[in-house]
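Quick heads-up: it's one chain on its own, the form predicted on its own, in structure tokens.
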């Protein structure tokens, strides 16, 4: 990427009003594998595509449980996600200790947003190179939030982040009106269909590269990994991408090791 005199730190604006290090952090998210989130009246679902750096390596964890009512899916730099998830766990434990209740989703999301935004105000720090989809249930019902390295957070009915996530977002935009009244199983299948649409031509969803998590009203956060995902993939049926030929951009993304 083109280097200039305004990208040496995250506290200097360019003449166009841009902070380049924040934009570079957003590029790190685009290099990670896809994560998709959806929410209905009763449930919130996260599905993600895991990636292994090489054939001999294991698949990187893409969904992290925070509390019994809360979890996150990541795209970008996994170490940065680990730091933020540990901070969210601390916030959740503090809420249970001080107030004897699960932390509200909006409160913990805004806490990590403030933490990330501070890195754009102090010299010598850098933005977190990871995007998060935060799914959980609190007193007001199920919620899905997207976190960005700039410190911006927004609540969504459906969202997707990572490489080729635009294809997943296109599916979500077509079907989002169905999410509100969807059952638990239907919501997971919608997420898997969006994830499938983001695959490259020669890829397919498998029990090794797909991970699913569900949380709902009266249902604790649960992560489905490995063979547990097989049940969902059988219900989905066609697990292969319906996309056309592979573009040069997609080929470059497949060589990257971001998660």
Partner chain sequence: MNHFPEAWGRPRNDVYGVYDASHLQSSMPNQHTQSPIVTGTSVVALKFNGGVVIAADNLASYGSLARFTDIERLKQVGTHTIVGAGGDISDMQYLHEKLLDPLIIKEEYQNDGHHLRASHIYRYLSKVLYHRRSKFNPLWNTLLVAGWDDGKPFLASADLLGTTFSAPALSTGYGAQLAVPLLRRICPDEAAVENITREQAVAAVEECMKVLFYRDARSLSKYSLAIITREDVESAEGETKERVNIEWKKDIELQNQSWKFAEGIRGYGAQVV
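Everything numeric in this text was worked out from a predicted model, so none of it was measured. Residue numbers count along the first chain shown, from 1.
Missing here is the form predicted in complex with its partner chain; even so, the following discussion is about that form.
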| query | finding |
| --- | --- |
| Interface membership of residue 140, its partner chain in the predicted complex, 4.5 Å heavy atom rule | yes |
| Its partner chain contact at residue 106 in the predicted complex, heavy atom, 4.5 Å | yes |
| Contact flag, residue 96 vs its partner chain in the predicted complex, heavy atom cut 4.5 Å | yes |
| Any non-hydrogen atom of residue 184 within 4.5 angstroms of its partner chain in the predicted complex | no |
